[in-house]
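You are given structure tokens for the same protein chain in two forms, set apart as structure 1 and structure 2.
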Structure 1
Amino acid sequence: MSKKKNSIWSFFASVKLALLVLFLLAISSVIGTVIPQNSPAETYVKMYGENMARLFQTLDIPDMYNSWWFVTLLILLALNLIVCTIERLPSVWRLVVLDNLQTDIGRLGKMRSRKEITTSKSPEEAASQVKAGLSEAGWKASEASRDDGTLLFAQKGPWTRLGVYVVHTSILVIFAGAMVGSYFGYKGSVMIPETRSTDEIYKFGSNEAIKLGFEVLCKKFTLSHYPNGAPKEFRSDLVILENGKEVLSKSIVVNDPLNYKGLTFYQSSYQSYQKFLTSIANNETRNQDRFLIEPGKQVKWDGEKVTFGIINRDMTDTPGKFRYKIWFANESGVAEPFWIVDGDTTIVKHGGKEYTFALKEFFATGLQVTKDPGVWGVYIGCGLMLLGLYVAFFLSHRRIWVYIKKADENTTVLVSGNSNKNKQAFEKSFDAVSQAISNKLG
């Protein structure tokens, strides 16, 4: 029983498995970049023939990154990481907290980086000078009496041995964040016409309506262009309403979404209706009203006996921007038609009366809505990964021992050291330290 368990355990603890899984993930990931993902079933039949399409469906190729076998590979990677960490961390931890003053003195003379200095000073004096030399070079030493001599020990970065486990843990943290996101989050979209609000959105895929528990109002959508006609900005002025009361307002653009109650609203598209939002006010009576009008159709403002409509359109100097010709009449007859640029407000005077008239093309803003409570896990994992990689690759655990012992008339000072990584760089700092020590003793 225990032997069987051990063999499963060592299977998951092996680096061979890690290499195999990384290799399989790399190879299999290629498939989904070549074969289109999440296309309708007919597409595959058309592209690859009926038999291949059936094979693809069986193997979940059209949605391979969510398929049972790809997810299995990811789970294998996660198990491998967990078991490897459990397997190796305790012994690494022992190295981190190891009392190096107990190091076998015999080993010191066998280390690759070492230097022996003989001095006529007494062991006590030598020890205090070695300590001074070490601290000048930036190493803080501790001390113990060993085998009729004195052992000094100093180290830097014992914790850097944990770097690689920080990297491994970071991958698990990212996985955990992604899982939280996929179980407790959702993605959907909604089209909100200007001046309207919504309290539900529609889930991607299923189109199921999800109640928000508050309302989102689109006050205004504006589209602007570069001189060459390319789109420059999509901007929606959004307002969050709780029980009809405004609690938050933000003007969102692509790359700058709105966050509210764990939901994020992204600018993702827009829709044009060939309709126009107009507002008109009588400046004297303070009466005002709003109309959604179509070009070529006459509109009546009953309260004020005003009739108006769009009768023509023309380009302006700003690319993508138009101006509109407005036909306007009130009880004193038909006024001279006037031009108004999309988005502008103008004063109309006719028959001794004055009106404020505004016109804007009517759009609906397309919002993507995401709820992802796991995203912070993913970000923390990403941060940990970069930190861990830096520590694992570029920092090392460096140790220096100095053993001072009386030998006949003189005192011998044996300086030795090692580093778990980047041995060439350590060689240099070791030379500097041993030089500082021999300067002190000399």
Structure 2
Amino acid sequence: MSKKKNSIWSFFASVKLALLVLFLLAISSVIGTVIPQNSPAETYVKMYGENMARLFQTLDIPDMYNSWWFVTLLILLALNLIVCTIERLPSVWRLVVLDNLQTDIGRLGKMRSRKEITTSKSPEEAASQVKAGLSEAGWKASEASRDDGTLLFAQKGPWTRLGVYVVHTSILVIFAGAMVGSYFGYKGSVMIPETRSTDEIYKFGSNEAIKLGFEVLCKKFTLSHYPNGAPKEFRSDLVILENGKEVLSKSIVVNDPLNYKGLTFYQSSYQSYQKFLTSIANNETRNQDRFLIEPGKQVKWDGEKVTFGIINRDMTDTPGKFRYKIWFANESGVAEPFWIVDGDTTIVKHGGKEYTFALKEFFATGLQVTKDPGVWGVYIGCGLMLLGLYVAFFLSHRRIWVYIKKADENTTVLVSGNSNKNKQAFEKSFDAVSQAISNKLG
């Protein structure tokens, strides 16, 4: 029974398992990038044929990142990291807390980085000067009597040996955050016409309606173009309403979302209705109203006895931007047309009265909505990973021993040191410390 347990433990502690799982995850990620995810079944039939599409469905390729086998790979990698950490961390921790003043004196003369200095000073005076030299070089030394001599020891960065385990922990934290987001979060979308609001979105995949618990109002949608007429930027002025009251407003564009109560609203698309939002105000009476109109259809503003409509369209000097000819009449009974550019406001003087008239194309904004309660776990994990990688690759555990002993009429000072990595950088540091000690000893 014990033997079987050891073999299972060895399997999960294997570096080969880690490499295999990482390779399979990399291949899976490439597949998930190349093959569209969460598309309708007919899309895969059209792109890859009926037989291949059926195989994709069997292997859960269309929803690969939530498939049982992909989750199993992540669990295998997590178990591998946990078992490797449990197996190797105790020995590393012993090096971190090791009492280096108990180091075998015989080892010091065999280290690669070493220098022997002879001085006429007494061992006590030499030890004091060595401590001063180490201190000036930025090393704080501890002291112990060893084998009829004095051993000094100083170190920097013993905790850097834990850098790789910080990376291990970061991966587990990222996995945990991703799993929390996958099982307790969701993604959806909604199309909101300008001046309208909604309190629900529709979940990706199932098209299930999800209540938000508040309303999202699109006050205005603005579409700008490049000089060649291609869409450049689409911007939505959103307002969050709680019990009919405005609690938050933000103008969002692609990659600059609105966040509220754990939900993130991204600008993703838009839709034109081939209709126009118009507002008209009598500058004398201050009466005003807003209308949603269609080209070629007459609109009446009964409150002011005004009749108007769009009767023509013409391209402006800016590609993709149009101006519209408005037929306009009031109680005077005489119609006078005028032109207005999409998105502009103009003053209309007619029949002895003055009006302010504005027109813009009517759009709906397409929003992608995500709820990811595990996102902070992912952010924290990424931060830990950067910290762990920096420690693991750029910092090292550096140790210096100085053994001082009386030899005939003189005192010998043996300076030794090592580093667990970055050997060349340590050699420069060791030479500087040795020189500082030599200068102190005269």
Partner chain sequence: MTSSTLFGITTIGYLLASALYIGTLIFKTKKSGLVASIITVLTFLVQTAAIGLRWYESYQMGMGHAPLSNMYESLVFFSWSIVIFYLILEVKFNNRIFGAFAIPFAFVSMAYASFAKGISDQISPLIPALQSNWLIAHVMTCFIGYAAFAVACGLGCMYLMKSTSSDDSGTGLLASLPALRVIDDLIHKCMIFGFLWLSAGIITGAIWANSAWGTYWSWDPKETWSLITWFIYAATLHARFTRGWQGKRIAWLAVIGFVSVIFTYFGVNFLLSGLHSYGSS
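Basically, rigid core = biggest C-alpha set you can superpose within 1.5 Å across the two forms. What you are looking at is a predicted structure, and each value in this text was computed from that prediction instead of being measured. FYI, numbering is relative to structure 1, first residue = 1.
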- [ ] Have a look at both and say which one is the form predicted in complex with its partner chain.
- [x] 1
Open item on the list: At a 2 Å cut-off on C-alpha positions, does residue 395 qualify as shifted between the two structures after fitting the rigid core?
Closed with: no
Open item on the list: Once the core is superposed between the two structures, does residue 71 show a C-alpha displacement of at least 2 Å?
Closed with: yes
Task: Degrees turned by the smaller rigid body between the two structures, as judged from C-alpha superposition - done: 9
Open item on the list: After superposing on the rigid core, what is the C-alpha displacement of residue 353 between the two structures, in Å?
Closed with: 2.6
TODO: Any chance you could measure the C-alpha shift of residue 28 between the two structures with the core superposed, in Å?
DONE: 4.6
